[in-house]
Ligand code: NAP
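Only one chain comes next, encoded as structure tokens, the form predicted alone.
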């Protein structure tokens, strides 16, 4: 099923030191993991929601107990500032608790009156869900799919990003220690395309991916060929609209965090700042000053706000995007250079006078680079916001909430946050449109993605059926 490839390395992006090396799984190891997950699923699916909630709550508690160890592991493997890494673990813990509490409510049988004596809709688990996950939120992205999937009665198999193998194994450890059945959640140490045969395996019933649009297209192709359900959360180039009646100081403060959290390495980070002419100069001045004041440095230092990028190639891509945009007439307000010494550091950057054909507008910038474009009015802001192949999230700043809601409905994204920062929340559905993917995670929408929505009809019929169309 799989073939041997080069060793999988864990490398500290702040020091460029290799932390650990792992051999990829053999064909036999993958096969054993899938067999074990399938066996565990058959037992797990028979347990009640109350029984499933016991290890799920324990998992949340374990994450909190081990926050120091797991947060440090995140920071060492992908460079996230330690304060943000601790917050990531806490978010995972609260999401475990959320689904432990609400899964039974989200998946209870629903009456569906028909011509039957009784009919209803049941939500039954599918089986093994394969997750292909990224490195930027190495615990959160996994828990975001795994907590609802496990509570729904599914099994989970993880192919994590190759640069965070220690995080992947730590998550498996936590799930096992929480008391879930042996084999129900497994990590597969595989690199790149080696996961493709796993998608085709008959034991895998569904696939979920968080990653780039290119990878999403490939996963969708493979899943479609195998006739398997998939959920895709892909790239984003989120607009951050600041209208003339906005609280500019508040918008600039939130914009600084919205663009630079996790060193800007987030699909839902604000990336394109569309500012109405009347407040553009004021916003540029406030925003650039706040960005320039961010503290860049050792991600293990609790005071650090910006750590390194996760890989050298990510920094090289940012440099190309910024240089290309400046050559086309963009204006540099702050940053724009790599930091000297070891580590994949890039100074937080703001460029202004951006136009839609520039790389920092047209492409997804996955790092601490903000692009400011001037717009004449709200209609032009919406047009600019929609002038993108992506449609994940967006922000809109205005003191007129009613107007803001009307405008938000015209923005082609999976979520719009008015006067606030886009963030995922287990209580709200999360996902995108266009090249940002399809399907939803979180809330009751997310837990229903990987279940069999099954109609149960009990006869005899008590009333005439609706007239059928020809051929049905």
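Positions refer to the first chain, counted from 1. Since the structure is predicted, the reported quantities are computational estimates derived from the model, not experimental observations.
Just so you know, the form predicted together with the ligand exists too; it's not on screen, but the next bit is about it.
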State yes or no: in the model of the complex, is some non-hydrogen atom of residue 397 no more than 4.5 angstroms from a non-hydrogen atom of the ligand?
no
Would residue 317 count as touching the ligand in the model of the complex under a 4.5 Å heavy atom rule?
no
Interface membership of residue 261, the ligand in the model of the complex, 4.5 Å heavy atom rule
no
Answer yes if any heavy atom of residue 135 is within 4.5 Å of a heavy atom of the ligand in the model of the complex; otherwise answer no.
yes
Stretch in contact in the model of the complex with the ligand, which is absent here, among 232-240, 93-101, 323-331, 369-377 (heavy atoms within 4.5 Å):
232-240
Answer key, the ligand contact in the model of the complex at 4.5 Å (heavy atoms) among 276, 172, 364, 88: the residue is 364
Considering 351, 156, 270, 209, which brings a non-hydrogen atom within 4.5 Å of the ligand in the model of the complex?
209
Would you check whether the ligand, in the model of the complex, lies within 4.5 angstroms of a non-hydrogen atom from each of 147, 205 and 433?
no
Partner contacts for 157-194, taking the ligand in the model of the complex and a 4.5 Å heavy atom cut-off
159, 160, 161, 162, 190, 191, 192, 193
